[in-house]
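What follows is a single chain, given as structure tokens, in the form predicted alone.
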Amino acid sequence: MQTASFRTSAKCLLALLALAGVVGGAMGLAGPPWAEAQAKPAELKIGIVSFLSGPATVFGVPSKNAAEWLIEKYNREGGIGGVKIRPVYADEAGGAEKQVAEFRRLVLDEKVDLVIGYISSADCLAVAPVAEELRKLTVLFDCGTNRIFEDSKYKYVFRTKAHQVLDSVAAAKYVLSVKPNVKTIAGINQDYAWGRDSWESFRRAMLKLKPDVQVVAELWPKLLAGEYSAEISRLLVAKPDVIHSSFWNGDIIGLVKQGAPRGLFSQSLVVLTAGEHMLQDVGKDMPEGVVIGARGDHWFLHNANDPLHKEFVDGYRARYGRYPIYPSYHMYQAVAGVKAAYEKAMKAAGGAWPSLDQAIKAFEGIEYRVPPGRTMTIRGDHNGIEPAIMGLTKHDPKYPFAILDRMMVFPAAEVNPPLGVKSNDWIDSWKK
């Protein structure tokens, strides 16, 4: 039984500790590492947003599949620091205004601990300021625009991948390696931010690397137009050495099925900077010798014997009947990044569950392993950097679709702007 003097002493000690905390806070002094420690939650609730309806399900469903597969794997292994993950899936379809409302619902009604999401550049640009307003950790897993961190600074927003300049710069360098005497280029890109930004970066990089190149056509069909007879006719007349396109989904299928019979792919070297995701769908209809980008080094046959990569490819294919495509890899990078950041923060806090600020601090500059068996780096600007793969399509009897031949892997430092440098300024600074 406690004596009166013991209880009095304990009360005095607690009062002194409380006073010390107040004084320390007033003086701006940092507390001990366990000062922000949180009790371990029963679960870590993560909102996961991707396209689950509409044309962009070609990206959204493989992304959700990867999240589902990886979260179940992590939960079997004990979750994150002993805390199981509970995903709450949401559909990204509907436009930026709807996504802002959906983000608020996830945070305020569903009470998620953090959000992973966003394929559309318009959606991530709209949601990022709301994440700051609500002070909610938000991880962009696929958003391609370079403007997200070049035009603004965020505390609560991270991106666990590289932006679109990687695709365009790698494409320009690859083109000049396989067709060094190129004299003319043309672009056929969807008429919205992704298409225009992708073409601008490719055009700028080509002109910087080979100033005598001439642009002979810039074509801007509507997004998901599906019918390209007029554009193909113009390209056949212009006869560019190289045609650049950042088309995706059905637009790639339309361009291939309408352009190949008319000789477009034999007349010009066609570059599909995001083409990897459609190879399994286009199948044997894809001509050989088309330049394909994987929006990073996300190719299931690259470094295929790495144990981490093999586990992912084999597990994903066994469950979903297809090989993972680049959005699947991007989602893996996001979920694995959250796990790495939380566990790094826990280690720094002596094993205690981290506060939001501690998790954010751990995310900045973090390095962790991802398929295809490399280190993923999240820089101090909250942006991920990664290498890029480019290759030429070739048919192989082992696969019912074209695979990549003459592959080149461009190191991250060659295809990502340096920290603190805007993309166009970086390209413009290249030595001739």
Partner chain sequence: MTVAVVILLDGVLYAAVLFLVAAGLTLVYGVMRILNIAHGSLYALGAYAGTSLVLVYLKTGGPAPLMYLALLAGAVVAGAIAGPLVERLLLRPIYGREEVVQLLVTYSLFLILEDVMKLLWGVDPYYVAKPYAFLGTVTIAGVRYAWYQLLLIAVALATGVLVSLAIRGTRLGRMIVAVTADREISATLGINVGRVYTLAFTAGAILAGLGGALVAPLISVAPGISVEAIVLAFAVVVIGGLGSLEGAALGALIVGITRAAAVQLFPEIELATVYLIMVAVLLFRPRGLFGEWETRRI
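Every value quoted in this text rests on a predicted model; they were computed, and no experiment measured them. Residue numbers count along the first chain shown, from 1.
Note that the form predicted in complex with its partner chain isn't included here; everything after this is about it.
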- Does each of Leu219, Lys257 and Asp281 have at least one heavy atom within 4.5 Å of its partner chain in the predicted complex? yes
- Query: For the chain seen here without its partner, which of 174 to 182, 327 to 335, 227 to 235, 203 to 211 has a heavy atom within 4.5 Å of its partner chain in the predicted complex?
  - Reply: 227 to 235
- Query: Does its partner chain get within 4.5 angstroms of any non-hydrogen atom of Thr375 in the predicted complex?
  - Reply: no
- Task: Consider Arg262 of the chain shown here, and say whether it contacts its partner chain in the predicted complex, taking contact as heavy atoms within 4.5 Å.
- Result: yes
- Query: Would Ile366 show up as a contact with its partner chain in the predicted complex if we use heavy atoms at 4.5 Å?
  - Reply: no
- Message: Is Gly79 part of the interface with its partner chain in the predicted complex - any heavy atom within 4.5 Å?
- Response: no
- Message: I need to confirm a contact call. Of Arg196, Lys84, His302, Lys361, which residue comes within 4.5 Å of its partner chain in the predicted complex, counting heavy atoms only?
- Response: Arg196
- Message: Only one of Asp285, Glu311, Glu72, Glu288 gets a heavy atom within 4.5 Å of its partner chain in the predicted complex. Which one?
- Response: Asp285
- Can you tell me which residues in 46 to 70 come within 4.5 angstroms of its partner chain in the predicted complex, by heavy atoms? Leu52, Ser53, Gly54, Pro55, Thr57, Val58, Val61
